[in-house]
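Before any questions on how it binds or moves, here is one chain, the form predicted alone, in structure tokens.
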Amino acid sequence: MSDEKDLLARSLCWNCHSELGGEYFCDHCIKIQPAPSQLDYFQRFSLPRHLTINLQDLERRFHELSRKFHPDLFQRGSDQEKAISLENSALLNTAYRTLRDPILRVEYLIRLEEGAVKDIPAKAPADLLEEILELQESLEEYKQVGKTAPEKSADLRKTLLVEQKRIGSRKMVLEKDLFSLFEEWDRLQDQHLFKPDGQQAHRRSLLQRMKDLLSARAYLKTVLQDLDEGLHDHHP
């Protein structure tokens, strides 16, 4: 219902009240118009809902749109035009930053597909849970030891640096596994296999696999941040 109201609201130009034919400018008075709120980030760049994106093409589309309603072009415009220009530019910048980053892109797509508003929760990989708990205990011990026991502190630091590298490598593996699913998602999109009932299970399974990988990656990212801060702040 809200989408219908939004479409109705945008059917007339805010300035001359003529019917709108263009997406960002009125065909009659040429005044800039608010970007349609019902368009997702992919649609704003006239792109399919794919996870594999040509970044050079995305950048080209971004600059083409940016030039149309950059705030500098409306310095002599009305307050309404300036406000719309700023809002459109901010929205375009957010869309561009999201789609050019593969992690943000897949997180955004999952929210679109599932209608979720919350971030994907971080969850430790089951096979690393015990090791990570021990690692966190070692990190706390390293923070407490400080300069009171130089030899023990050095040994703990050496161990933590090795574990930091190992966890970082595991995070890279998770990202590689995640990115390997992009092509499968895109192929399903191109073949229009999401609509038949027989493909819904495949779609849900693929989305869940991506969510699981993102969840584990987010957890390892937090562990690495804690390690980096602890090793940096307590460097002998």
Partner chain sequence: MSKIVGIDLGTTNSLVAYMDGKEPKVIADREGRTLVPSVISVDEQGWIVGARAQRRLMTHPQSTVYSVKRLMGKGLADAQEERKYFPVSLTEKQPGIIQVELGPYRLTPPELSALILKEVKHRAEEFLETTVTQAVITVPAYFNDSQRQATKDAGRIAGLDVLRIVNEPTAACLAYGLQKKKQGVIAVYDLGGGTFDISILKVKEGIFEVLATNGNTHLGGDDLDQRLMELVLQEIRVEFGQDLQRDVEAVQQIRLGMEKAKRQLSTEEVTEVVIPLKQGVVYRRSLKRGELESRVRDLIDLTIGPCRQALEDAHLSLKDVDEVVLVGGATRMPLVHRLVQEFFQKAPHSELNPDEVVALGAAVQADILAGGIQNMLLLDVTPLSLGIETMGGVMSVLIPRNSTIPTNAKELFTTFVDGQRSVDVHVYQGERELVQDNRSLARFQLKDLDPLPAGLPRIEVHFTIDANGILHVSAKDLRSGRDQTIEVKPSYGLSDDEVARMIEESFKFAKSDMEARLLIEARNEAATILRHTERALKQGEPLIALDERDRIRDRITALKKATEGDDHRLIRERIEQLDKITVHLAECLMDSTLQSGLKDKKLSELP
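Residue numbers count along the first chain shown, from 1. These numbers were taken from a predicted model, which means no experiment stands behind them.
Not pictured, yet referred to below: the form predicted in complex with the partner chain.
A.B. asks: Just to confirm, with a 4.5 Å cut-off on non-hydrogen atoms, which of 72, 134, 114, 141 contacts the partner chain in the model of the complex?
C.D. replies: Partner contact (heavy atom, 4.5 Å) among the options: 72.
A.B. asks: With the partner chain left out of view, which of 145, 160, 91, 120 would have a heavy atom within 4.5 Å of it in the model of the complex?
C.D. replies: Answer to the contact question: 91.
A.B. asks: Examine residue 97 and determine whether its closest non-hydrogen atom to the partner chain in the model of the complex is within 4.5 angstroms.
C.D. replies: Because a heavy atom of residue 97 falls inside 4.5 Å of the partner chain in the model of the complex, the answer is yes.
A.B. asks: Could you confirm whether residue 182 comes within 4.5 Å of the partner chain in the model of the complex, counting heavy atoms only?
C.D. replies: No - in the model of the complex, heavy atoms of residue 182 and the partner chain never come within 4.5 Å of each other.
A.B. asks: Whether residue 87 contacts the partner chain in the model of the complex should be assessed with a 4.5 Å heavy atom distance threshold; does it?
C.D. replies: Yes.
A.B. asks: I'd like to know if residue 176 sits close to the partner chain in the model of the complex, meaning any non-hydrogen atom pair within 4.5 angstroms.
C.D. replies: Contact with the partner chain, no.
A.B. asks: If contact means a heavy atom within 4.5 Å, which one of 105 to 113, 162 to 170, 75 to 83, 126 to 134 is the stretch that engages the partner chain in the model of the complex?
C.D. replies: Result for this chain: 75 to 83.
A.B. asks: Listed by sequence position, which residues of 50 to 72 have a non-hydrogen atom within 4.5 angstroms of the partner chain in the model of the complex?
C.D. replies: The stretch touches the partner through 59, 62, 63, 66, 67, 70, 71, 72.
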